[in-house]
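Take a look at this one chain, the form predicted alone, written out in structure tokens.
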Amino acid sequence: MSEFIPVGPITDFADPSSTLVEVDDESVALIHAAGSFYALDDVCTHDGGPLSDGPLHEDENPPAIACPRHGAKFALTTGAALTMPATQPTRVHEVKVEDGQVLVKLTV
């Protein structure tokens, strides 16, 4: 059973930013955008590109992150693939802030 794991103090994550963090040996893209935190698997479902290296599109509806390799966009809230060439969603994880720390709970 997964539990919330601290990944760092809130001050370590600028708004907007995307940061690669490790949670239970899994690579997670932690995104801070418009005052909210999001966590997605750090992998583009098209070709395995690192989403944490991609540009944020926090002003779009829905807010998204793009793969730096081919530009496939994924919704920050659901992980849904929004544009080609990706057709499959990426996994999203729960995030919360507690006592100034950002915590992530992996989706099993």
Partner chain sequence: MTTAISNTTKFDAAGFEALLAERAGEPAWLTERRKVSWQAFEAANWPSSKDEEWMRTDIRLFKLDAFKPTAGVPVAIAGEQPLLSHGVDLGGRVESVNGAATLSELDGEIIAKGVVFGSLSEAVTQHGDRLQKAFDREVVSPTYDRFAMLNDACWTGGVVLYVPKGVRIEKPLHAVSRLSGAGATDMTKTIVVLEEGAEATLLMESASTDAESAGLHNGTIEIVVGRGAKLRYVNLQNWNNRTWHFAHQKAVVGKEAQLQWTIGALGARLAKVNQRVALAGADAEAQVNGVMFTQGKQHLCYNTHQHHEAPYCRSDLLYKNALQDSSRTVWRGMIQVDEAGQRTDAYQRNDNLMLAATARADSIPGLEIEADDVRCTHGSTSGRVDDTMIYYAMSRGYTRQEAVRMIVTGFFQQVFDRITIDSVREALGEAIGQRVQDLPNQ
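Nothing here was measured: the structure is a model prediction, and the numbers come from that model. Residue numbers count along the first chain shown, from 1.
The same protein also exists as the form predicted together with the partner chain; that form is not shown, yet it is the one meant from here on.
Shown alone, this chain has one stretch from 5-13, 18-26, 82-90, 96-104 that lies within 4.5 Å of the partner chain in the predicted complex by heavy atoms: 18-26. In the predicted complex, the partner chain lies within 4.5 Å of some heavy atom of D47. The closest non-hydrogen atom of E58 lies beyond 4.5 Å of the partner chain in the predicted complex. Taking a 4.5 Å heavy atom cutoff to the partner chain in the predicted complex, the one contacting residue in 61-100 is R69.
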